[in-house]
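Shown next as structure tokens: one chain only, the form predicted alone.
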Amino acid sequence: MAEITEQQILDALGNVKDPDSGEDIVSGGMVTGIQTKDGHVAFAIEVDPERGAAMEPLRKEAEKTVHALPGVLTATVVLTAERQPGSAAPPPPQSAPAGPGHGPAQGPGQGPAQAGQMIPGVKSIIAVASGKGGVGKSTTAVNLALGIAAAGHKVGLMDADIYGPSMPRMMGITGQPVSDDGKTLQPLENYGVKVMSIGFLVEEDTPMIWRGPMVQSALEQMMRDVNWGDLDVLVVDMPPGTGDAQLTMAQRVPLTGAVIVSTPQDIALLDARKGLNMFRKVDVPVFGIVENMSYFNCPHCGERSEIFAHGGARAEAERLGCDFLGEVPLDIEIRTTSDGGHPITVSQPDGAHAKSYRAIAETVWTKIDQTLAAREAEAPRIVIQ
């Protein structure tokens, strides 16, 4: 069957009308960012911010229209609100649903437990984050997830890095997700871990030229429009920095905790500190810091070199009053196994590096247990006599 074309999608969407103007959404310039791959279609609909919540039926109609086209397996449509220059922002709503695309922003002190809704079947969610790129965050997220799974827990792994998705390659998955009901996607699976990434829906070298609101909506759909099933923990590989994606995760779901990844050098620790403080401001517990690329052992002479210094993350954790979760060396085997889709935790399970990741995973799991137990203890109980 021939690949669906952008023109076919636009022709179909020409029958979807804006309920206010009566104009179709294509002629009105509302359709942007069309992406297609092997029958999977994704695009955004730009709407006025004041109409955002009311446009959900339009989004669903557009999604249904494209999904009905021959050759389309899945259709993912997100709403993005573009404010005209110079226009004033509307006052925040007193209450709003927490579903995709229209939840209220939260400020300091309004934590995820109040703002977000747990994903059905998912008992806990942890974010693996870093203040900057290039510190091995995704490698840590993958091996952390696999380490928790190795202990017998049900684990999912979500790739929240829309602009630079790496989970398909690192987890050795090349298929595309399917939808049994036309509404929810089935995550792909390898090594006993369920995985979802925007990288499954677009070609590996295709740039995602999406604005912030589109990214936020896509993240929410990857969380709530995916049939994750029963999971003990969903590990989320966050994009680097402290931007829209991080706030979306903190505000839309009750994160159980966050793990910060950094290298030992001062500049990386400075950015890691920003990431840690961001999670604290939105009341997400920070489980601790992992020091990645902690040192290098020469495979030829055995000499140890501290290329990026050493011990900086441990000292930073102590200074900031959080736990130091462990250190992982800079090693070519970690890099090659990750690039090859065979992470070291499963490809060399008896090696020293895999043991380091499993030790970190054990500590993180203990913290998940403690956090969930504390939340349950704080919940009000109604006693009928």
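Numbering starts at 1 and runs along the sequence shown. The structure displayed is predicted, hence computed values, not measured ones.
One more form of this protein, predicted in complex with ligand ADP, exists but is not displayed; see below.
Using a 4.5 Å cutoff between non-hydrogen atoms, residue 170 counts as a contact of ligand ADP in the model of the complex.
Of the heavy atoms in residue 133, some are within 4.5 Å of ligand ADP in the model of the complex. Residue 33 falls outside the set of residues with a heavy atom inside 4.5 Å of ligand ADP in the model of the complex. By the criterion of a heavy atom within 4.5 Å, residue 339 is counted among the residues contacting ligand ADP in the model of the complex. Comment: ligand ADP is not present in this chain, but in the model of the complex one of 80, 248, 138, 74 has a heavy atom within 4.5 Å of it, namely 138. Think of it this way: in the model of the complex, ligand ADP has a heavy atom of just one of 286, 293, 126, 146 within 4.5 Å, and the residue is 293. Listed stretches are 25-33, 323-331, 38-46, 56-64; the contact stretch with ligand ADP in the model of the complex is 323-331, by a heavy atom cutoff of 4.5 Å.
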